[in-house]
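Just one chain is shown here, as structure tokens, and it is the form predicted alone.
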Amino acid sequence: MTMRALVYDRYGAPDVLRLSELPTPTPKTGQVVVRVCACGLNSADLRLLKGEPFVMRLMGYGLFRPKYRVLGSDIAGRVEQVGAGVTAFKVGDAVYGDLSGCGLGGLAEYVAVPEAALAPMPPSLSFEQAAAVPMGALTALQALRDKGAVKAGERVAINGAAGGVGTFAVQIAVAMGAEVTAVASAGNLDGLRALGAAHVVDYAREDFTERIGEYDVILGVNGYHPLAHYGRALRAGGRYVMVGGSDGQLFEGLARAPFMPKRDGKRFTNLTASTSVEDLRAVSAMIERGVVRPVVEQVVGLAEAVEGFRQLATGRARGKRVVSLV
């Protein structure tokens, strides 16, 4: 038995992706096979597609060619089969999760997944909405809670607030009791206000880092500013957390942040989000309480996923792009 999948055998632009027929997986001990109904696209998928920055290839993803032929970490679907020893799920259960720690494979009709990588899907969401959640929401939660240590009443600026991580960061920061400033393009500002941002900044009209000592926490999700500029916008004891963005922003966050002068108790850190079913369940609870909702910009079919990747590569996002497989 075969299934449709979007595969790639060499690094490159989205054009290297192609539809193919692959064997349908069977579950090993501790695994379930999920019928994938939807798969969210992330900037991490785009980086793996390109094989850039090169250090990613050295992290086990394949030095000269991709180790995993099928991209896609964020999935939502129904359990099709269960392997030996599986106790958490049964056939027919609606599930979702982040597969970045267990071999990807979401851009296919079926995928074999460790049961520990999945959580029950929030019943209030469609499959397309649920597939927009895992990596973006977990990144935002871990950045704000663990690295940013956000407290109620603090001022939080989110640079790149309109994208997949940023839209979750705005809502989660608001739910934590923060006063949020969302930085994005002019066309996205009304939507960010609707998500709860107290203040919005059009980055084309104002450099928010010129607000000296304004913020307790800054999340660098997208859009490049030198670390020194972020530092001047922080209050004493403020925290800057780099979670994504341009290659320049990533490099400076990884290479320079640990060595920035520790003036006035300011801290410069970066986050590599980790997959966590416990955190995903926490996000599910926020979704069910109505304080967090996914923002889906575009839904395309598997045959149109290449164009979805092209749009993702432009860097102009308004929430998440999702591939529907049903």
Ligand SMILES: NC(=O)c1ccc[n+]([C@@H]2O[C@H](COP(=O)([O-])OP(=O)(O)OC[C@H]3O[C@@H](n4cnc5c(N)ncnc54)[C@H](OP(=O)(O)O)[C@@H]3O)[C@@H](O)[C@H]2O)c1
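Heads up: residue numbers just count along the shown sequence, starting at 1. Keep in mind that what you see is a predicted model, and the values were worked out from it rather than measured.
The next section is about a form of this same protein that is not shown, the form predicted in complex with the named molecule.
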property	result
Contact residue in the predicted complex, chosen from M135, A108, I172, V113 - any heavy atom within 4.5 Å of the named molecule	M135
The named molecule: the contacting residue among G163, G148, G97, G77 in the predicted complex [heavy atom, 4.5 Å]	G163
Residue stretch of 59-67, 282-290, 267-275, 29-37 approaching the named molecule in the predicted complex, non-hydrogen atom distance within 4.5 Å	267-275
G72: touches the named molecule in the predicted complex, heavy atom cutoff 4.5 angstroms	no
The named molecule contact in the predicted complex: N188, any heavy atom under 4.5 Å	yes
Contact label in the predicted complex: R310 to the named molecule, heavy atom within 4.5 Å	no
A317, heavy atom within 4.5 angstroms of the named molecule in the predicted complex	yes
Those residues of 66-82 which, in the predicted complex, come within 4.5 Å of the named molecule by heavy atom	none
